[in-house]
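Taken one at a time, structure 1 and structure 2 that follow are two forms of one protein chain, written as structure tokens.
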Structure 1
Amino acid sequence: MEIQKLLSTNNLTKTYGNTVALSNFSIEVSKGQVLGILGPNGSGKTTLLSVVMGLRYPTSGDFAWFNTLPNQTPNRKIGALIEVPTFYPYLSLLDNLRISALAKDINYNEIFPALELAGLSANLKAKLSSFSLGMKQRMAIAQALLGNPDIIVLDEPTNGLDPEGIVEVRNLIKKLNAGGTTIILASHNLDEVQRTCTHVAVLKKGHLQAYGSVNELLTSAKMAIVSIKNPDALFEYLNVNPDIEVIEQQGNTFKLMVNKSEQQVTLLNDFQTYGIAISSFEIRNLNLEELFIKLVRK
């Protein structure tokens, strides 16, 4: 079955004077993906989402939704939560979404499926002032779902939420994706991205550092956790094996990023050759935090 491409970007670039916010950014997003856009502050995540949503114009390059004309955003097919939406705390949930539906020229009857998906059907008459942060965020996502879009775009959907609110939003994203909705989200929360996303794109200072499925990226290298009795011997070994990176050191315990597959196989033998005395040794796949540190340190 042919994979349906929903968004493609081609050397997308956005500058502000001499500042490059986004540089030659090229990816494709297919139907059914949950794509996490990762990066430190100032990496270009919000700029990217703002450009593809038509809120800012690209300086060069282009993007296309649903294989249509370049640099056009068909808003009826896309729901978005880019900035904090304006709601009225003294009105009920239903009345707030009626206002949103009117602004989007969407039939009122489409409010109820969106609320059902967001798990808020029991709160129709409740005033917004009584909502928790997690409920408010789910309400904002419900607003993005008005009109049953094919794809939703979320900027920091768990920002400022307590653990309960984070779980609520995580479960909602999984539920939406299981129902066929494609999702693009920017986030600082690496653990949540690993739990919810099928694909990730990592940005640093506007440049794409890595893009691919979460599973592929997390198996691209290994993490060796070793306790060493004679660290000087380990440092001697690392000096002649620059592909092995020290990610963290606590006393005589080291986290080592092993990038080459052949080194992953021979690591213990290499340690013996260099006379490295090992107290404990573990080698495993990376988690997303470790991959992120590797990429943003480059």
Structure 2
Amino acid sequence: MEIQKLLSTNNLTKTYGNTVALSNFSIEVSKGQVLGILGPNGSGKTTLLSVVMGLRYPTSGDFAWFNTLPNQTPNRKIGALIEVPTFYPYLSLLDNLRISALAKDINYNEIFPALELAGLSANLKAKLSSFSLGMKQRMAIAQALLGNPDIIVLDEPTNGLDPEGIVEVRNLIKKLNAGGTTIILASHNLDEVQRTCTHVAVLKKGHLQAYGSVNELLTSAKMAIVSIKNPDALFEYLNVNPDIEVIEQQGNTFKLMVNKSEQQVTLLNDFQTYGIAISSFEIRNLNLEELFIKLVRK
């Protein structure tokens, strides 16, 4: 069965003056994925989403939604929330959504299911200026959900939400994905991404550091936690094995990132060979936080 490509980017680059915000970014997003875009502040996450959503022009490279040219993309198939929610504060929630419905060319009645999903059905006539930050965020999510789109692009969707709201958004993402909606989610909340995403792209200073399924990336390296009586011997060993990185050191306890699979198997034997005296040893898969630190630190 052919996998349906919903978004493909080809060497997408965006510069602001001399600053490279995004550099040769190429990925493909398939139907059914929940793609997490990870990266520290200023890594190019919002720039990437702004470019593919047509808010900003790429400096070079191109992209396609549903294998069509950007100006031919049917808008109702994509819902998006980029950066902070924007709205007309003097208008009611309903009027704000009427404007969005007109832009998406969808029926007025389609507003109400989106409001229901975002938990805002009771606030139809309220002016947006009276909304809390969390309610504004929910309204922006309702705007993204209008018209039951095939793909939803969310940039930091849990910003401003209370813990209960965060859980609701997380559950909503899972529910939408279970219903077949593809989701692209930019966040620096690693826990959120690990809980909700099937795939991850990690950005650093506009460059793509890693892209793949969460499982694939998390098993690509191992974390060894070792307590050592003679650290000097360990440092000697690390000098000749640069693929093993020290992620953290607390006294004589080291967290080591072991990238090569053969080293993961032979690590204990290697320690013996180099005369490294171990008092405790544990090797396990990475979590997303450790992978993220590994990728953005190098």
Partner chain sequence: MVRALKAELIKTFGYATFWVLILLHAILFLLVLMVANKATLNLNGIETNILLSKPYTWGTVAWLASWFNLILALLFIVIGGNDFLFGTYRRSLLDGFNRNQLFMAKLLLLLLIALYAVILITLVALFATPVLNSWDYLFTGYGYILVLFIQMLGYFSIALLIIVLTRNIALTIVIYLLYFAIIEPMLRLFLPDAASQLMPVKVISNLTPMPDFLGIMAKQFNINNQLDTSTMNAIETINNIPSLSQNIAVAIAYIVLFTTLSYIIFKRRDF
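Only a predicted model underlies this, so the values are computations on that prediction, with no experimental measurement involved. Just so we're on the same page, residue numbers count up from 1 along structure 1's sequence. What we label the rigid core is the largest C-alpha set whose atoms superpose within 1.5 Å from one form to the other.
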Quick check on the two chains I just loaded: which one is the form predicted on its own, 1 or 2?
1
Rigid core superposed, CA of P163 - does it shift 2 Å or more between the two structures?
yes
L203 C-alpha relocation of at least 2 Å between the two structures, rigid core basis
no
Core-aligned, does A122 move its Cα 2 Å or more between the two structures?
yes
Let me know the CA shift of M135 between the two structures in Å, rounded to one decimal, core fitted.
5.7
